[in-house]
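What follows is one chain in structure tokens, specifically the form predicted alone.
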């Protein structure tokens, strides 16, 4: 019983590692990151491999023509050779994008959503302010603290002149 269980687990593991994933009837294989890859970056101007890996017949003929004198190549052929090697030029890489509009729009959406939530909470969740926030109450409480001489050395009472009945200057 134990042997059949071990063999079934080993068999499942062998099948799952040999075929990565089956999706829509075809085998999907993972990318081998040990191989050199193409990347367009300003700080890495010469990628390890060409942009186009599998050349068509016309591109192969153009690559053969490239081995001869470049003066015999037309400008369009030179551009096509460049596009085989690189996806974008430096000017195209430096071109600005409109991604900032999406970022700012998303940030404004969330700020507005948060403001609506705060307004709704103030209206429906929180009650009215307590009476201890009224100016009259604060004045009475301050007077009581002065009468009790609360913290007379460096606190509120130290700033009150008890003879003149006013704040010290």
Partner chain sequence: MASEVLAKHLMRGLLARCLRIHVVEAFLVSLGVAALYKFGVAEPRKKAYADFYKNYSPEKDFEEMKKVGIFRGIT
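All figures in this text were calculated on a predicted structure; none of them were measured in a lab. Positions refer to the first chain, counted from 1.
Unshown form predicted together with its partner chain; subsequent notes refer to it.
Within this chain, residue 159 is remote from the site of its partner chain in the predicted complex, having no heavy atom within 4.5 Å. Using a 4.5 angstroms threshold between heavy atoms, residue 65 stays clear of its partner chain in the predicted complex. Although the partner is absent here, residue 51 sits far enough away that none of its heavy atoms falls within 4.5 Å of its partner chain in the predicted complex. With the partner omitted here, the stretch from 139-147, 28-36, 55-63, 118-126 that lies within 4.5 Å of its partner chain by heavy atoms in the predicted complex is 139-147.
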